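The chain below stands alone and is given in C-alpha cells; this is the form predicted alone.
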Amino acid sequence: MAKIPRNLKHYLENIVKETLKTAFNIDTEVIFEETPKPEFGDYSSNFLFRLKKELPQPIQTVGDIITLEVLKKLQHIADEVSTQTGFLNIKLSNKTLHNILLEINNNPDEYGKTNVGNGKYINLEFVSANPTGPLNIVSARAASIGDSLKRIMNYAGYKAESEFYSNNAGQQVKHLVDSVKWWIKKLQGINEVFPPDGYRGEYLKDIAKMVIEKGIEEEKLPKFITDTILNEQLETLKAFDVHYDHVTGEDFIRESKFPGLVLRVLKDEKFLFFEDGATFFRSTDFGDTEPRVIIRRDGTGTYFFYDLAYHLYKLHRGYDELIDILGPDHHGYIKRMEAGLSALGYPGKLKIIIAQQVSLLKNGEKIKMSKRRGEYYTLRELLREVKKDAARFFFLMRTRDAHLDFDIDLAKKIGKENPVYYVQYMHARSNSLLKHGREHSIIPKCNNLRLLRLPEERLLMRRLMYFPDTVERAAQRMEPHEIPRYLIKLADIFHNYYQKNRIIDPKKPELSGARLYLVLAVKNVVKKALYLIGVNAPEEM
C-alpha cells in the first residue's frame, strides 16, 4: 500500500495551494474541512468563493482546471476531485483509508499527534479559586476545560504546564479569619454578631474545630486556615483527575521582587499618575475603558496590581504565552490585564478565556444556590452523586463560552441517552468483540482490508481519519469540547455498524479478521480521545 502523508489534511491544502499558484499565480490560504455528507467527498474547501473577484476566468472554469491538476497530483491517494457550486471536494481512495487503519493500529499512542504547537511553551492557569471555601461548580467546569486543554495541547506539539494561583493574602483573608474566629467562639459557647463581611458556610465550623484541637496560635491562623482550604481544594481536584505542575500563592508574590518591578517599569515608562493620594495606571493608553488604581490611598496594592506582578513572574519563567481560564464574572478584567502586560513590555502574551456559568438540574429543576447564605453545591458533593468520568465529559459537552445545564439525573443514567455511557460503551463493546474473536481463533488482520466494502465501514474509517484534525482544531481554538463532539459522532456510526452487521462469522474468517482490524482501530482511537479529556476507557461494562 502507498504511504500516506502524516498530516493528510495539510498535505491536501498544500497541494491545492501550490496548484493555484502555478496555474494562476494566486497565493492564498487553502483550508479543507470535513464534508457534512459523504456524497460530497471527504474534504471540502470554499476557497474558490473567496477568490471569485481575483480569478482570471469564471469560477467553474477555474474549478475545472484546478480539479484536473489536483487529481493528477493526488491519484495515489484520491479517487475523485470535483467542483460543485464553487466547493472543491476530494474523495479519498479506500486504500488511503486502509492505510490510516494501519497507522492507527501499528502505533496507537502516536496516532492523532501533531506538531502544530511547534514546542511553544504555555502556562495554563485555571480554577485558581480563592482559599475561602470549597470548589464550586463553575470551578469544576474550569478544571475540566483546563486539564483537558493541557492534555490536548501537549498532544498537539505544545509544551503546556498547568498552574493554580491561590489568593492567600489581602483583605479577603482577614474576613476569612474573622469568620473562623466567630465559629471558635460559638463552639466555646460565646455568642457574637457574625462579621458583616464574613464567609458563611458550615465548612468553616470544621476548620474552627481543628484550630481548637491543634491549639493554633492566633498569629498563625491566616496561614493555617488558607493552607487547610487550599489543600482540600487540591485534593478534590486530584479526585477529579486534575493535577498541577505549579501551585503559587499570592503571599509569595507579595514578598517577591515583582511588585517593585511592576512599579518601576510603569513609572519609567510614564504610565503612572497620582490622584487623591492613589496611584493610577494609564491603562486607557492600551485600549482599556478607564485608568486603573494599582495603589490605594492607604498605600495597599489592589488585586489588579498583585495580579500584574504574578503574571510578570510567570513570564520571567520563560513562557511564550500565558492562558488564563476565568469565570463568567471576569469579562471586565480582560482589557485591564492585557493593557498592563502590554505596558510592561509583553503585548499579546496573555490570552484570557471565559468558562461560562453552570446550572445544575435535578428532577428536572435547577438546584438553587446562594453565595450570600453560604449555600454551595460543591465539586466534592457532585462527585458523590456522579462519577468522575461523567462529570468531566458533561462539563465539556458545550463550547466553553456557552452556558451549561448539567443534568445530574442524565449523568447517572445507564443507557444510550447518557452520552458518556454511550461513548464508553463503544470502547467496552470493541474490547468484547475482540475477545469474542479470540475465542473463535479469529484475530484482527490487515491483509484483506479490501473486504471492508460496506458504506458503514467506509463511514467508520472516514471518521477515524478525522481524529488528528479534531485534536489540532481543539488545541488551536482552545476548545476541548471538540473531543466529546467527535466521540459522540463516532459512537453513532460504530453502534449502527455492529448492530446491522455480523462482525465475527467463523464461516468467513478473512472478512471477520478485516472487520476486527477496523474494530481494533476504533478501540485505539476511542481510548486516546477519552484520555485527552481525562475520562477512563473501560474494558467492560
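One-based numbering along the sequence shown. The shown structure was predicted, so the numbers you read here are calculated from the model rather than taken from an experiment.
Note that the form predicted together with the RNA isn't included here; everything after this is about it.
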Worksheet item: Considering G415, P196, G189, G364, which brings a non-hydrogen atom within 4.5 Å of the RNA in the predicted complex?
Response: G415
Worksheet item: Using a 4.5 Å cut on heavy atoms, which of N106, N118, S432, N231 is close to the RNA in the predicted complex?
Response: S432
Worksheet, complete the sentence: Within 4.5 Å of the RNA in the predicted complex by heavy atoms, the stretch out of 83-91, 261-269, 233-241, 147-155 is 83-91
Worksheet item: At the 4.5 Å heavy atom threshold, is D64 in contact with the RNA in the predicted complex?
Response: no
Worksheet item: Can any non-hydrogen atom of H403 be found within 4.5 angstroms of the RNA in the predicted complex?
Response: yes
Worksheet item: Taking heavy atoms only, is K209 within 4.5 angstroms of the RNA in the predicted complex?
Response: no
Practice prompt. State yes or no: in the predicted complex, is some non-hydrogen atom of A278 no more than 4.5 angstroms from a non-hydrogen atom of the RNA?
Written response: yes
Worksheet item: Is it true that T96, S179 and E381 each have at least one non-hydrogen atom within 4.5 Å of the RNA in the predicted complex?
Response: no
Worksheet item: Across 506-541, which residues bring a heavy atom to within 4.5 Å of the RNA in the predicted complex?
Response: E540, M541
